[in-house]
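Okay, so here's just one chain, in structure tokens, the form predicted alone.
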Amino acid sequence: MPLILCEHCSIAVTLGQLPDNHKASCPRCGHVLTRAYPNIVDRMLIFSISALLCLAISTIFGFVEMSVQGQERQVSLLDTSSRLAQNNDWILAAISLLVLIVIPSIFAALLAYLSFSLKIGQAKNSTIRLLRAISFIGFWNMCEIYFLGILVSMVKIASLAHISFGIAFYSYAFFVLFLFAAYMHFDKYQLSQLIKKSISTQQNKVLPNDLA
């Protein structure tokens, strides 16, 4: 039976097959080790692709429109980085672009690629490394923090100007929700078991051809 290491107390726990909608907790500290989500691959694939589509839409249309004393100005999602670059704040411009677009898009794309590989049964040994890479990038994904910062800023600016949200604002909000939903189903133990099962199935298909 496979073993799983508790991330909190480092105890090795033997796990069997979990039924859907059940979880396994550490017997020492009570930390949740894994959850068996039903249709985990399908859900991850749908949520991650939906997140990518919403992110693409949010970069095309206007994000927010502000009106102050009759003067209107529309701001797009990429204006933050471009304005910083124009002011020669290249480091801040690069960081904002990474946090807003680059890291979240890579994160969502890797989740979609992983789930699609499992969906078609083409997982490989390198897919385990992909699993670790997604876990690492997920730690640095901060798009939801940025979006909360936008909401706080809008509340402060609302008393000074009339604010109307564009399509990109709602699209980015759905992007954050879809990406969170996709990552919520990212269970390393369950996915690693599916990867091993997929690799084993492929090897069993190849063996009869080799024997022939």
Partner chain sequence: MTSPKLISCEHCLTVQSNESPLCDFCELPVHHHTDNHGALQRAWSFLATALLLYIPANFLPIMRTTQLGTTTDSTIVGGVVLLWGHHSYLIAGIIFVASIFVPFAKFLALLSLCFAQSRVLTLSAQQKSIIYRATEFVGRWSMVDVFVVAFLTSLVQMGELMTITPGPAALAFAGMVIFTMLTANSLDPRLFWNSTHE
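Please read all numbers here as calculations on a predicted model, not as lab measurements. Basically, rigid core = biggest C-alpha set you can superpose within 1.5 Å across the two forms. Numbering follows the first chain given and starts at 1.
Heads up, the form predicted together with its partner chain isn't pictured, but that's what we're talking about next.
*Asks:* Should residue 200 be counted as a contact of its partner chain in the predicted bound form, where contact means heavy atoms within 4.5 Å?
*Replies:* Looking in the predicted bound form, residue contacts with its partner chain include residue 200, since a heavy atom lies within 4.5 Å.
*Asks:* Does residue 196 make contact with its partner chain in the predicted bound form, using a 4.5 Å heavy atom cut-off?
*Replies:* Within the cut-off, so yes.
*Asks:* Look up in the predicted bound form whether residue 188 has a non-hydrogen atom within 4.5 angstroms of its partner chain, and give yes or no.
*Replies:* Yes, contact at 4.5 Å.
*Asks:* Would you classify residue 178 as touching its partner chain in the predicted bound form, given a 4.5 Å non-hydrogen atom cut-off?
*Replies:* Answer no; every heavy atom of residue 178 is more than 4.5 Å from its partner chain in the predicted bound form.
*Asks:* So, a 4.5 angstroms cut-off on heavy atom distances: do all three of 42, 60 and 173 pass it with respect to its partner chain in the predicted bound form?
*Replies:* No.
*Asks:* Just one of 53, 46, 145, 167 has a heavy atom within 4.5 angstroms of its partner chain in the predicted bound form, so which one?
*Replies:* Answer to the contact question: 145.
*Asks:* Can you name the residues of 142 to 158 that have a non-hydrogen atom within 4.5 angstroms of its partner chain in the predicted bound form?
*Replies:* Heavy-atom contacts within 4.5 Å come from 142, 144, 145, 146, 148, 149, 150, 152, 153, 154, 155, 156, 157.
*Asks:* Does residue 120 shift between the shown form and the other one by 2 angstroms or more at the C-alpha, the core having been superposed?
*Replies:* For residue 120, whose C-alpha is compared between the shown form and the other one after core superposition, the shift is less than 2 Å.
*Asks:* Any chance the CA of residue 90 moves 2 angstroms or more between the shown form and the other one, core superposed?
*Replies:* Yes; residue 90 is a residue whose C-alpha shifts (by 2 Å or more) between the shown form and the other one when the cores are overlaid.
*Asks:* If you line up the core, does residue 9 shift 2 angstroms or more at its C-alpha between the shown form and the other one?
*Replies:* Yes; that C-alpha moves by at least 2 Å between the shown form and the other one.
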